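In the form predicted alone, a lone chain appears below as structure tokens.
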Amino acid sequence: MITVLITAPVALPVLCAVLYGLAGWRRPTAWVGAGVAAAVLACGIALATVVSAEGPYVALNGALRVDAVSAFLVIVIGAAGLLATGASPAFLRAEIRAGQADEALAARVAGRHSLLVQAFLAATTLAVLAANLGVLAVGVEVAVIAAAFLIVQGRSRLAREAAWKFLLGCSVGMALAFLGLVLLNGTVGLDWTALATNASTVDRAVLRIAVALLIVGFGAVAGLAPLHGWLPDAHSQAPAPVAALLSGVLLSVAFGAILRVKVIADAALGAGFTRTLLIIMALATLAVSASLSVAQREYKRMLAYAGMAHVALLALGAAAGSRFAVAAVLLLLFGHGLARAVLFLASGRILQLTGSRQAADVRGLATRDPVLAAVVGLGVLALLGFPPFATFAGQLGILRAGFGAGVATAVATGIALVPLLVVNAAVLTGAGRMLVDTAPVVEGPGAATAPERTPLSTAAALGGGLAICAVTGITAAGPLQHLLSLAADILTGTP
């Protein structure tokens, strides 16, 4: 049974990708992708149950293994993947209607989209279940390549530029990570167990270089400075389900890799090295996101900069390093992944409704589409960390841990509050105008082809995502708390 649970999250998306490659996207296959994402989520929950009962980890032939961290990340991938694939059929049908002059071409694009989404899910689940750091890096790189093809779906010049920026930025980051892998592979190997056991035998100077390369490299994919430049363009130009996957899945998987590397580095080098590196990257990322979000005119780019700020907050929590801090980081990772996925999916619906990416062209959503307005309003509250959402407990936990983790981390946490408040104020102001301002708007091309009301399947997916985020925040105790505690033990090296 455990063999099935470990292999299914990788195998099922691969089989589904083959199905879409052979049968294409049509009515009988439209919901298969959502069913597979739901199966991945179910496998993640089942694996979490097994790990909670049997811990600390279960391995399969040395190639795949699951512990509390990987089980938690499979749940993150499954939840965000289910939101994206659950909203995709209605989104793709609207896109096909918009391109009805060549409906056959639009249907082929939808089929290619579905195939690449499943390849992306397979690669990311492989990354988090890998028993080897090299396999993890390969999984992330495959996911990056699949995502680049998904971003370019828009076929516009801006979409092509965004795809190239994304591919270049993430590939540079992964090239740095692969250099770090070469250094480690030549000394202690890349197996997680070997790394945890023998990293202290590596020359400290070599290990510092390898760890810095790995953290900066995976940080590029997570959206941390200095290799963050791809993020706003990619999220702005990607189709809504793809932007949801980038923010809810790819960033989470890459940050999970940083946490994995950190626990090995801390055991061999002490906590000071990675703490300093993460604080510098976090504060730089916050400075960039705050300075650029204030004058941002596009609502999807505004969400992208908010995502950068919250990834920086995750980095500060990881820098604090205590079990409490790491548990709060994982909770915030899950909550923000859901909130960002919901908001990017809602932004796709807004784009179809108005035909414009400019926030100034979106007014009176509360009157025009009350369901969509409710989703956006609640999603913004979740993103900014209001109760009862999981983001509230996660952010509060990180701030508490940061202020109590020593002078350097406490000062960095205090400094971080200023740009974080700036970003949150920009998002709240922009969203408020879009929801209630009744100034006249100019609709862009394609707006007339969108349904006047949010499709039921889309509303159910978005509402479900917000409900999960709220329930997680309300019921943070119990089984989830136990899973987070086990994961925090692993990521802090606690016996």
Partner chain sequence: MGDAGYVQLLDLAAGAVLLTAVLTLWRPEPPAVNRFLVLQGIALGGLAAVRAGHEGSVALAGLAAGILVLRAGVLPYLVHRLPVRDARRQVGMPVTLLAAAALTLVAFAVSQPVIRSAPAPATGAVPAGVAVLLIGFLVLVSVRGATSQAVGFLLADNGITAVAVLTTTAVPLLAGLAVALDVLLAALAWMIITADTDPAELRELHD
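Residue numbers count along the first chain shown, from 1. Because the structure is predicted, anything quoted here is derived from the model rather than measured.
Below, we refer to the form predicted in complex with its partner chain, which is not included among the displayed structures.
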Look at the stretches 277-285, 332-340, 192-200, 139-147 and give the one with heavy atoms within 4.5 Å of its partner chain in the predicted bound form. 139-147
Looking at 418, 175, 410, 396, which is the one with a non-hydrogen atom within 4.5 Å of its partner chain in the predicted bound form? 175
Picking from 424, 171, 352, 322, the single residue whose non-hydrogen atoms come within 4.5 angstroms of its partner chain in the predicted bound form is 171
Its partner chain in the predicted bound form: within 4.5 Å of a heavy atom of each of 374, 404 and 460? no
Does its partner chain come within 4.5 Å of any heavy atom of residue 305 in the predicted bound form? yes
Any non-hydrogen atom of residue 162 within 4.5 angstroms of its partner chain in the predicted bound form: yes
Check whether residue 301 has any heavy atom within 4.5 Å of a heavy atom of its partner chain in the predicted bound form, and answer yes or no. yes
Residue 233 near its partner chain in the predicted bound form, any heavy atom under 4.5 Å? yes
Using the arrangement in the predicted bound form, list in sequence order the residues of 201-229 with any heavy atom within 4.5 angstroms of its partner chain. 203, 205, 206, 209
